[in-house]
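Take a look at this single chain, the form predicted alone, given in structure tokens.
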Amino acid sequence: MTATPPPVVSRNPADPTDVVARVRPAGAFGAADAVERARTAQTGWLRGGAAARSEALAAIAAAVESAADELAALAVREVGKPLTEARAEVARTAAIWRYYAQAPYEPVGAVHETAGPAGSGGSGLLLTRRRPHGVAGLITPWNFPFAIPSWKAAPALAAGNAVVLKPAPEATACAQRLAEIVQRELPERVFTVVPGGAAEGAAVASAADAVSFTGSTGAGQAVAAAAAARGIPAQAEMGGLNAAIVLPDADIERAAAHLAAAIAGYAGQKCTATSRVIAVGAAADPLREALAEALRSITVGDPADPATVCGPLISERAREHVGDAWAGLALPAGGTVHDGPGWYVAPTLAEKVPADHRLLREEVFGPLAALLTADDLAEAVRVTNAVPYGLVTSVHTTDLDAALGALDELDTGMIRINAPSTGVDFHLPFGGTKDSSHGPREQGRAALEFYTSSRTYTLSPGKTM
């Protein structure tokens, strides 16, 4: 007799007694069945034409905007996102759907000249054309519960694919509410959510025609390996260990404000958060003081309060993980766990961190950063590059030559000059190097290419002239 699987449960991280969602998991069979049903629905979705797809995506954008307050409140409650950031995420989500609503009208191919002369096999047409894969399987995390599923689903749908979304258990209610909005504008089964955990994610990756993943490195590598074994396209975004380089000529107070926001915003639960700060030369002492003060001034508390910058961590386990990471280190700021309900810690800065410490090798995913020093920019670049990840680096300087030099030497997918490591534009390619990313880039036009494959057509005349 098969045991009944436990329900998928998500809790309010600011008040763990508040159960936000309790649903039955789809199971591996249910997830695979959802993919097959989506595959049947995809044909009609594609044949409906560009105008129908464009109108549907535009309608979804409008519906997201209409439900903005409700969606932001749900993100605050289910994943502890501070209200100001939650509102910004919902606005970004609507913009993503509106951006891709124009994509169905984009050219999908080109006409090429034949190689030979006319009359000798050279007449006719050579065409290239991009076509959807079929069903896009999306496996998404909890930290951007509306934006990440949207920046994967919108381009996939615009290109004519159907979508099966397997969200993180912690963001189940957000995914289901997004599905309600999206499904109202689409044919049945073109967009499906399958709640669950690792088993459902593996089933989606094993059945879909293309798979896009965001989450941990281990899980992403497993998804990429499964996709490679089946010969299907895969992309995996797997986190970062992002550095901020601060040169002596930088505006130290401004840089410290940027760094504090990138370390502690949303309790550091972003793959683009800053987790290493590299002070170059004479910047070390003033930056230590300014950054410690900036972190101490960060508002920690109820994510429903518009003034809150650093809300709770997503779970008790996550809080323990962050506390373990700073244990035994010198801490110019933070290093405390807040009492009371909710999984809160203070924004924390560590220094004199041993080179082999986990804080310099692993993504901790909390409001914690290591302060390091370098004699010059060349050493700072070497330190930045000497980790398994390569997602984003910020460089703070007024020296244009130094900034341009860093662009050429840093081994990261995204580089931001005089700006926080967090906050990327949704219409530009997103992704990193090494263990941060696998496969093609997300977002922008790059996403449309990932969700389609190129076909080459040769059209020769039926009769010789």
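Position 1 is the first residue in the sequence shown; the rest follow in order. It should be emphasised that the depicted structure is a prediction, and the values quoted were computed from it without experimental measurement.
Here the subject shifts to the form predicted in complex with a small molecule, a form of this protein not shown in this document.
Looking at 128-136, 70-78, 211-219, 297-305, the stretch with residues near the small molecule in the model of the complex, meaning non-hydrogen atoms within 4.5 angstroms, turns out to be 211-219. Using a 4.5 Å cut-off to the small molecule in the model of the complex, not one of Ala21, Pro25 and Thr172 places a heavy atom inside that distance. Proximity of Trp97 to the small molecule in the model of the complex: non-hydrogen atoms within 4.5 Å are absent; the residue sits far from the partner.
When contacts are judged by a 4.5 Å heavy atom cut-off, Gly197 counts as touching the small molecule in the model of the complex. A residue is said to contact a partner when one of its heavy atoms sits within 4.5 Å of a partner heavy atom; Asn143 meets this definition for the small molecule in the model of the complex. Interface membership of Val108, defined by any non-hydrogen atom within 4.5 Å of the small molecule in the model of the complex, is ruled out. The partner is absent here; in the model of the complex, the one residue of Val383, Ala202, Val309, Ile181 having a heavy atom within 4.5 Å of the small molecule is Ala202. Of the residues given (Gly366, Pro82, Gly160, Gly239), Gly239 alone sits with a heavy atom within 4.5 Å of the small molecule in the model of the complex.
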